[in-house]
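The form predicted on its own is given below as one chain in structure tokens.
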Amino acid sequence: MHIGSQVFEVSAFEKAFQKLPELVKTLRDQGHTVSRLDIGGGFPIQYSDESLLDLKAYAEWVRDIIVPLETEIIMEPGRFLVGNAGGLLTRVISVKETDEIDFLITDGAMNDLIRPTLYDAFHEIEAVKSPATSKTYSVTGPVCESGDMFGHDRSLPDMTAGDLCLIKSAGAYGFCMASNYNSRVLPAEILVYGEKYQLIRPRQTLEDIINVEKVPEWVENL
């Protein structure tokens, strides 16, 4: 069962669950063995100021509606668990000021976090340094694509080249959707726990990309 992602109305899950007993009964009456139910995910996380689900009510509906069906129960709360556990740390390359818009150009790009480009997803953007005076920026990557954008009209401190920005809520659909588009290398992954931190995936190099490419002998001999 999957009724969508970022589902904010907890009652939607109850309505969906209520359809499963009849479905399971119908299948079993037809001689099918129904030993497992995947009741999906869709739990929302806070990208901005969204309201979270009443998980107590959700759990009670699982207990009252799903458990009596006597199946193995599978859930998929991936984004809910890890979405806000990760962020994309970027460094400002330059600031481009125009009469209408000030562009904050970072070393992160659409290949590193494609959600804003792919479906206009919102991610909070926060400067690492403490704000003094603030300005409004469109935050972009350096790829020559009109869609290489992390956010419009974002209020941030007066930024200069070398400053760090954190693009938040990148723990889900971040690295797993990243690519080598435009021959860009994948960033390093750092695990942080309190004051402890550890490199868990080294930064990719251009050689890593090139070395997996094989040229057929018959091409070399042309």
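We number the residues from 1 along the sequence you see. The shown structure was predicted, so the numbers you read here are calculated from the model rather than taken from an experiment.
Another form exists, predicted together with a small molecule; not displayed. Remarks below refer to it.
Just one listed stretch, out of 52-60, 38-46, 66-74, 24-32, contacts the small molecule in the predicted bound form at the 4.5 Å heavy atom level, and that stretch is 38-46. The closest non-hydrogen atom of His123 lies beyond 4.5 Å of the small molecule in the predicted bound form. Judged against the small molecule in the predicted bound form with a 4.5 angstroms heavy atom cut-off, the residues Gln6, Arg79 and Tyr173 are in contact without exception.
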